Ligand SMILES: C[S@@+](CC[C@H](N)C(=O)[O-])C[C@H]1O[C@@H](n2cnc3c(N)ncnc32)[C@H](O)[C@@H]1O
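For reference, the chain that follows is the form predicted alone, supplied as C-alpha cells.
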C-alpha cells in the first residue's frame, strides 16, 4: 500500500492476521470465494470483522465520519421530516433504525421527537454488531432521560409481525457485501478471491452464475447498451431480497435511506471502469480491499435506481429522491441552524455549527455525494414537508 496510509500497531496487525488466517483456511478448503463473501467476512466475521471488533469506527478517533457524528442538526432534520408521519399513524407507530452506529443519531432524534411531541411507541435499533450495540447502550443510557431511554429496544432481526411507522438507514446500503463483475468476450464474469502460491490474496474472474449474469443483463437493458469488455464494477443482485426481508412487514409508513451513490446511468459511466469500491482506514480512502483485512471499512457506492427497483418490488412507492443538501434544506435545516446558533454557548460552539452545516450541504462534501430516497406504503395522503416533495428529483431515476 502507499506509504501515506498510517502504520498499524502490533495489536492491529495481529488482529488482521487472525482474520487473514481464517480467510486462507476457507479458500484452501473450498477454493476461491466470491468477492461478496470476502467482503462479508472482512466486515462481519464475529470478533474479527470490521464491524464486529472492538475498535472505534466513527468520528475523529475512527476511520470515517458519518453525518450524525458531526452534531445534532442531521438527526433533527430527519426527525422534522418524518414527524408528520408518526403523528398521522398515532401512538402505535414505531421508528426503526438500521445499524445504529455510535448511537449519536438515536440520541438526537429521540430528543427532537420528544420536543415535538411525536415520540414513537418504540425506537428500535437493528444492530448486528454486539460491540456497537453495547456502545450504543452506554451512550444512550448516559445521554437520555429514563423515559426516553426506556423506548429504545435492540432487535436481532427485522420485525416479522406487521408494524407501522418509519424505517431509517444512514450509510447502510453501501456496506452490503457487493458482487464485483466484469465482461470478457461479451460474457459476464464474477470476481472471486483466491490465493497465490505464497498464500497472498489475489483477484480471479470466473463465469458468473445465472443470478449475477441476469442482474448485469438487466442493467445493460436499462442503460440501452452493453458493457464493454474489461469494464468492472459492482452490483447487488441480492438487494430486492434484502429489501423484502428488512421492510416486508412495514404495512403503513415511510422508509428513508441516505447514502452516497448515483442514479444508474451515472453509476455505470464508461470512465468509471473499475467500479466504486473503496476501503477506509483512519480517515484515508484507498482502493486495495486486500490491505489489512478486518481493519478497513469496505464500501461501494449505491445504485439508487436499483434501490428504487428493490423498494418497488417490496410494495413501496418512491415518494422522493434528492441530494442530501436539498433534503436537509427542505427538512428545516435553516430554521434549526438559526435556533441552535442563537442558543450556542460561545463563539466556538457557533463555529462548530457553521462547519457542521458546511460539511452536510456543500457539493464537494456531503451535500451532493450523498442522496436521500424516501419510500411510502399504506398512507393515502403523504404527510411530508411540501418543500421536500417539491424538491423531488425522482425523474432522474
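Being a predicted model, the structure only gives us computed values, none of them experimental. Residue numbers count along the first chain shown, from 1.
The form predicted together with this ligand is left out here; the points below concern that form.
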query: Complete contact of 51, 66 and 101 with this ligand in the model of the complex (any heavy atom, 4.5 Å); finding: yes
query: Residue 242 within 4.5 Å of this ligand in the model of the complex, heavy atoms; finding: yes
query: Close approach of residue 289 to this ligand in the model of the complex, 4.5 Å, heavy atom; finding: no
query: This ligand contact in the model of the complex: residue 170, any heavy atom under 4.5 Å; finding: yes
query: 4.5 Å heavy atom contact, residue 175 to this ligand in the model of the complex; finding: yes
query: In the model of the complex, segment of 30 to 38, 354 to 362, 327 to 335, 66 to 74 with a heavy atom within 4.5 Å of this ligand; finding: 66 to 74
query: Contact assignment for this ligand in the model of the complex, among 120, 275, 128, 323, heavy atom within 4.5 Å; finding: 128
query: Single option in 140, 132, 314, 318 placed near this ligand in the model of the complex, where near means a heavy atom within 4.5 Å; finding: 132
query: Residues within stretch 348 to 381 having a non-hydrogen atom within 4.5 Å of this ligand in the model of the complex; finding: none
